[in-house]
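Okay, so here's just one chain, in structure tokens, the form predicted on its own.
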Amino acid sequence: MEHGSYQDQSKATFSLTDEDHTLANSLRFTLNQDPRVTFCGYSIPHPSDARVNIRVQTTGDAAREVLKDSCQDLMLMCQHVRSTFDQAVLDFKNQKNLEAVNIK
């Protein structure tokens, strides 16, 4: 859910349900790498509430689009880490001749 102004779309707060620090901190990191972002932060309203509020303020671009771009960047980073890890496991198995070991 997006909380913001229709007049100024460069500032908005996004409420994500069923999420925690894992996604929120990762998104905060990728958002802060974007030169269009002037401020980004997140909060968890209550520990028993599985919800995260992410505040995004930009230099003029729509906050929704900047958040969407950051989600895509984060997804690409995760895919890169996963493929690098899988390749390292494969190299280790081949190097040590451990084909019999089934690592998933």
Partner chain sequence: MGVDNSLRLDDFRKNLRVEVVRLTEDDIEFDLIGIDASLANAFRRILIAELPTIAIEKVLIANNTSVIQDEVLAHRLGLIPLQVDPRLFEYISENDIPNEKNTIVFKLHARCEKGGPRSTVKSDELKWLPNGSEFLLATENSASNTASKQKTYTSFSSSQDSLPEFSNNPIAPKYPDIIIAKLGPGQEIELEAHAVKGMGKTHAKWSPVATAWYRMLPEVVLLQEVKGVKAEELVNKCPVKVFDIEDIGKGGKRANVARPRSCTLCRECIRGDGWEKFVALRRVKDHFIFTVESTGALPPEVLFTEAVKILEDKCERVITELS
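The shown structure was predicted, so the numbers you read here are calculated from the model rather than taken from an experiment. Positions refer to the first chain, counted from 1.
Another form exists, predicted together with its partner chain; not displayed. Remarks below refer to it.
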- Does Asn53 reach its partner chain in the predicted complex, with heavy atoms at most 4.5 Å apart? no
- Query: Quick one: does Lys11 come within 4.5 Å of its partner chain in the predicted complex, counting heavy atoms only?
  - Reply: no
- Message: Whether Ala62 contacts its partner chain in the predicted complex should be assessed with a 4.5 Å heavy atom distance threshold; does it?
- Response: no
- Using a 4.5 Å heavy atom cut-off, state whether Pro35 contacts its partner chain in the predicted complex. yes
- Which residues within 19-38 place at least one heavy atom within 4.5 Å of its partner chain in the predicted complex? Glu19, Asp20, His21, Thr22, Leu23, Asn25, Ser26, Phe29, Thr30, Gln33, Asp34, Pro35, Arg36
